[in-house]
Ligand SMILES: Cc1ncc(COP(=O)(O)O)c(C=O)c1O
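Encoded as structure tokens, the following chain is the form predicted on its own, with no partner shown.
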Amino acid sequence: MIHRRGFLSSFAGIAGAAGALGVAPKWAALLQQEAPKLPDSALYGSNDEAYWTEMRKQFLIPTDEVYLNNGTVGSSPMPVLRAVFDGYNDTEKMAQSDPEDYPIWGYGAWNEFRDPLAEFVGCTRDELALVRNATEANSYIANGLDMKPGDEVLMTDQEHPGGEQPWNLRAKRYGIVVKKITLPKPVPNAAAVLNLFNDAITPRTRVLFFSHITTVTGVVLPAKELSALARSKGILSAVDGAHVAGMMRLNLHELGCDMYTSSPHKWLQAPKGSGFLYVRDEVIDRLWNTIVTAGWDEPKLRAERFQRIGSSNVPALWGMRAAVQLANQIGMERIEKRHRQMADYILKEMVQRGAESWTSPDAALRCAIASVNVAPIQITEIENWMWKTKKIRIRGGGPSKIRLSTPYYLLRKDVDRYLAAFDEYKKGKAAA
């Protein structure tokens, strides 16, 4: 646990050093100042928008900017940033009690970081490896499983390149087969997804790989049911959960999958370069290491052996631990409710403006991402216009998809500002 007094004293020292090194005055001032207080939990019950307005002050995003792209990368709030700096202040003194201990810690168990994260995502410490992001973790899975030429991995057509491409490399190099099912836009219900997967399974299928929440449309796939389907047929289930940690409640043991990856820098607002790989205990011994150093062949290390990659950015793990603490302090139930409310609001308003919804009509299959098709508007044009003229950041896909992310620090007035800008842009295009 990082205490407020420790924060202030350590950051005063860092700020002084920053000034001596010529670091920008804004950073020195940031490190010296006391962080805004978190809003009183009682405020949520009386005025939830006021509560989230106060929470917004924890983020460095300028007040005149509207950020609707949390699905790519989140903004780390002050408690996380301060934890990272505190980590550097502690480790870079080179004053570790053990003369063999250095602030690279490339061979450490990192239990002080794994324990709170494991509790947060519903697994045991020994099933969790701290890596840099979901792409790295997905690569470990694709490279680490024993598969023969002709063996199949079954996935959707909405996978992120960081999930799909490791399997494509394996296919090109070693002859495994990548098969895809085509998800409807929007996905009507969970049964439709289960039927598509079930019908595509063959005697050669070895792995079901799918996103818990897809990057293309933000649909929340029925991960628990898909994992159970795989288990019933003797197939491994591997889930790309890059978007899930911090967006909605997650319990990996309840989910029942064999492997799970995530990038907490998105919705948990953790530092960039902090991710995790979960491997169910019964499966750990079936997964070979991809990056190898001392300990790779020690079964007693369990999932820890996958995080032994040599020199590592340990202060980022201080930040991830602080991100977990903040999410717990706010409450995941409260966070998830906010995410759903804001996504539902922006989706409803966009549909009323003539957009085609690619977000599931089933409330259980959507959370904090609303994807719409706005043809004939071109995403590259409106994305640049929004940012350069309105300081609103959106993202989508060609030719006309807009993917709107609604993190809890996004305020109702921010959404309304985006909607007004969209109306202005659409009116201008029509006039032209």
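Everything numeric here is computed off the predicted structure, so don't read it as measured data. Residues carry their position along the shown sequence, with the first being 1.
What comes next is about the form predicted in complex with the named molecule, which does not appear here.
- None of the heavy atoms of residue 89 is located within 4.5 Å of the named molecule in the predicted bound form.
- Looking at residue 263, you'd find a heavy atom of it within 4.5 angstroms of the named molecule in the predicted bound form.
- Interface residue remark: residue 134 is counted as part of the site for the named molecule in the predicted bound form, having a heavy atom within 4.5 Å.
- Shown alone here, residue 360 lies farther than 4.5 Å from the named molecule in the predicted bound form, counting heavy atoms only.
- The chain is drawn here without the named molecule; in the predicted bound form, the stretch among 166-174, 321-329, 284-292, 210-218 whose residues come within 4.5 Å of it by any heavy atom is 210-218.
- Scanning 271, 222, 77, 71 against the named molecule in the predicted bound form with a 4.5 Å heavy atom cut-off leaves one residue, 71.
- Contact with the named molecule in the predicted bound form, defined as a heavy atom within 4.5 Å, holds for exactly one of 259, 247, 242, 153, namely 242.
- Residue 160 is the only one in 145-162 with at least one heavy atom within 4.5 Å of the named molecule in the predicted bound form.
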